[in-house]
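Consider the single chain below, provided in structure tokens and representing the form predicted on its own.
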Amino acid sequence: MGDIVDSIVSGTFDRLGISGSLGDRLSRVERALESMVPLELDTGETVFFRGFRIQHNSALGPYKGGTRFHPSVTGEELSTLARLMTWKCSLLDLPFGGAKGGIAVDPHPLSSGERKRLSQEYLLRMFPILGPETDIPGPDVNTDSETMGWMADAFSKRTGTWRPDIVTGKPVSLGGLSFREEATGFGAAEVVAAILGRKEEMAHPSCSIEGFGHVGQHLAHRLSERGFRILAVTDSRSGIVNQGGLAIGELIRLKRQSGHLNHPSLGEIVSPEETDRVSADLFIPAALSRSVSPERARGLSCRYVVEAANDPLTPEGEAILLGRGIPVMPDILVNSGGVTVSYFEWLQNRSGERREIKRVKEDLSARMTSIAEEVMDRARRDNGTLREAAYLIAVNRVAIAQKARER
């Protein structure tokens, strides 16, 4: 991920005339904390894991970013992700800076009690740099609402005050929003609809979606509601194709019930690779990073690529797509619905006013549509790509705030 983000940000700095101390400030992380996190296993043995919290920039407000539990977690990876969060929050005009945290651990072998103790020990090790006005963690890879509830409990016991606004993505019973799980897919669909809304020749666009987890399912559902035809979807094991359009509601039900897409009553069952041959207006990678190689980019039959996943294109793959005249809707815009609804949750916790789901959907749709239109206008004015336009808007907002703070 780093090379795409670093390359586009470097070019953005040049175009905005950002250099010297300001450029250094925006390029470097402001603070990084690494700690050995102890875990008492159910056997009574204590083991240690490396834990991190990386805070990139706070010019726009307190740091915001997820916390992941994965064996591959490193400080370098989290630094890149923290920078990406800064630009994402800025683009969506949220009063947050970017951060990212995690533990280098495989949580799957751990019992529920062990995961709880590990989550709370991590929070206590990071406690000096966290707070509702300082840095607000959220869920990420292998963490969820239960994890966030444990962390909120640990923070509140440490301070002696219940502060639900210390984390987002909590259970609804602790002040979370039930819509949080749907938010990324829902927001991505609003961006797609806004961008294609200016393309009158695409009345009922067709889609092929790679990845049918939470994001892919909610994205497919929302696009179907808007009249899009979903021709193909894949998961890690198989794909399903129906040239007349998949019955998405039924497919989601069966996928959640069975855990797989092997339902021939709904379409032709194929390998994941075979769905690349499906001709659709939109190809939507919603699963793994770097899944679109140069070879795949040459073979895709689509009119747009929509980055619902984080960093799904290799730099070479993106260059090939653009050379073929296939625009890319960038991840920094497309999948930012999650952090936007996290902001709504944080506001709810701070005000004490419960937000109805209808209002959350309306507010998210309005914000995603407005920002998408702003990005399109900037791209048209500069005769550039949507990614370039998104970063120009995002970086410029942070630069203006940073300069205002340092006058």
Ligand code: NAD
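Residue numbers here begin at 1 and follow the sequence given. Just so you know, these numbers come straight off a predicted model, no measurement behind them.
Same protein, other form: the form predicted in complex with this ligand, not shown, and the subject of what follows.
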Among the candidates A189, L333, A308, I166, the residue which, in the predicted bound form, approaches this ligand to within 4.5 Å (heavy atoms): A308
Heavy atom within 4.5 Å of this ligand in the predicted bound form - the one residue of G317, G98, G176, G211 that qualifies: G211
Contact check for R53, L78 and I136 against this ligand in the predicted bound form, heavy atom at 4.5 Å: no
Among 230-238, 189-197, 127-135, 107-115, the region lying within 4.5 Å of this ligand in the predicted bound form by heavy atom distance: 230-238
4.5 angstroms heavy atom contact with this ligand in the predicted bound form for I269: no
This ligand contact at A287 in the predicted bound form, heavy atom, 4.5 Å: yes
4.5 Å heavy atom contact, V215 to this ligand in the predicted bound form: yes
Any non-hydrogen atom of R180 within 4.5 angstroms of this ligand in the predicted bound form: yes
